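Read the single chain below, which is given as structure tokens and is the form predicted alone.
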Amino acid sequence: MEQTQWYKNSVFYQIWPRSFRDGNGDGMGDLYGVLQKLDYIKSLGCDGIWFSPLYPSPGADCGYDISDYMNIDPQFGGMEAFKAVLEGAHSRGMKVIMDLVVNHTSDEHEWFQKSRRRIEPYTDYYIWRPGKKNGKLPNNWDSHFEGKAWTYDEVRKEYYMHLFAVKQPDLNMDNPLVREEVKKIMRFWLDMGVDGFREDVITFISKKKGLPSDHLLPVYKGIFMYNHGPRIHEFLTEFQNDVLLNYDCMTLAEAPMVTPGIALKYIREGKGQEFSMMIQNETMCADCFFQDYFPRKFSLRRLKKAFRNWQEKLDGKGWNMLFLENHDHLRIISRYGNPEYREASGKMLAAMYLFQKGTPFVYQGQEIGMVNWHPGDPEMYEDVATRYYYAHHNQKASPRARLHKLWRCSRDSSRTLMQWDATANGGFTTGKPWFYVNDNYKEINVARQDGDRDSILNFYRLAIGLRKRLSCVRWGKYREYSKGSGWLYQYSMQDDRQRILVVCSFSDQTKKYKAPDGFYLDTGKLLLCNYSDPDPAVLKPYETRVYLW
């Protein structure tokens, strides 16, 4: 079967299940709550849903530590509830993709429990090594969440590798039996009717032979020893040929530290294509180094360069995945916009990315302009990476300064409860919630915005609907203008039928404006604007416009 193309006409909505909606009143978001909100998701113009992990899990990393790949956690409603949601989504013309997390499992998974006891055939399902004679770890690699990448197991009397949390041991993908397990998982869900997978840190699954120490990097030691490793394309081609090409499905790869050139090794269209799309983080680094825990001043030029590179270098070769928020990043208005101009900057940021070529993803709460969470106590944070960071970094700083650093970097800001209305807990639950709701839920919620034609929510609906009517957005050519500007981002999309100009101000001041050469505003049709009285000669704070010729 040739690889599917339906995702190119789609807009996806990402659900973080435990914080989206509680349908049974136990305080935990669940699939009953999702079932109640399928019409809401459809009303946004979304054609698909990406679920973050729904599988049984001890919860060491909010579900990314999986203990059973072929089931749905009872706290989310179990398999019966999932099948109801799958049927409900499909009946509304929406696709469903699952999170596939196969770099690592939970240490409570049956495979790991048997592997640590050397029970065949599971003995080599994970990466085990003895310690060195001098008492040192097998190598000097770092984990991304909790210290070094090795933990000693008292049962097996060896160290196991975990590139993330201690309770997330890495699978040994060099073992063909492990790859067969992955294929069984894929077939199980695809046979049920799932439409594809978002594959978590999938470029980490091949480690360099011999697992040598890293003497180059001061932090994240080892990442170049396992990111895009020596057998990665062999493994992915095997998954494609043995499973994925037999189904009408799409695959979305999470790929840390990926550039357009590297991405094309995986997503170049034609024979040998391994993924439909890749999640890249270059457009999320306009205010940080590599990731949110290393902040720097926001640079619009840096952001534009990243978008430009991905639009231009993938054009005609591979397909972009477009996003501004997900469960691993802070709220975008608090990062690239301005909470003091929350509505204007939230709408501007929506237009900025929704009219580029690719498949857009909207993360729950993004469409109503949710902003970062500022808890008063570090103990309120749930995320394993945040807790480790607070305990082991900036120890000389004051507690207040350390807490403020968490406000700026913790991914828990994107995991607070979805704000449905102004009732207790933002309408998320009638019970005691598992986590916190942002204090601003009475002002920022779906109910308040649903009937307001000028709300961020209805701007997203308008923008997504407009995107779907414009062929040049999906099939046209991207061209950027004012590349050197530190406050103005404007680009055109053009095919043989139409041309649009997208104008975005990143300034909190009113600025004089002149359209690029060849664009005559008096002949263009203004399709979208976040102000009711636009002046062609000036741009108001965080103003955005979309013109059609």
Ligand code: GLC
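Throughout, we count residues from 1 along the sequence that is shown. Because the structure is a prediction, the values reported are computed rather than measured.
What comes next is about the form predicted in complex with the named molecule, which is not displayed.
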{"query": "The named molecule contact in the model of the complex: Asp61, any heavy atom under 4.5 Å", "finding": "yes"}
{"query": "Val101: touches the named molecule in the model of the complex, heavy atom cutoff 4.5 angstroms", "finding": "yes"}
{"query": "Contact label in the model of the complex: Met94 to the named molecule, heavy atom within 4.5 Å", "finding": "no"}
{"query": "Close approach of Phe76 to the named molecule in the model of the complex, 4.5 Å, heavy atom", "finding": "no"}
{"query": "Among 200-208, 149-157, 176-184, 122-130, the region lying within 4.5 Å of the named molecule in the model of the complex by heavy atom distance", "finding": "200-208"}
{"query": "His109, His327, Lys167, Lys357 - the one with a heavy atom within 4.5 Å of the named molecule in the model of the complex", "finding": "His327"}
{"query": "Selected contact from Asp195, Asp292, Glu274, Glu254, since only one has a non-hydrogen atom within 4.5 angstroms of the named molecule in the model of the complex", "finding": "Glu254"}
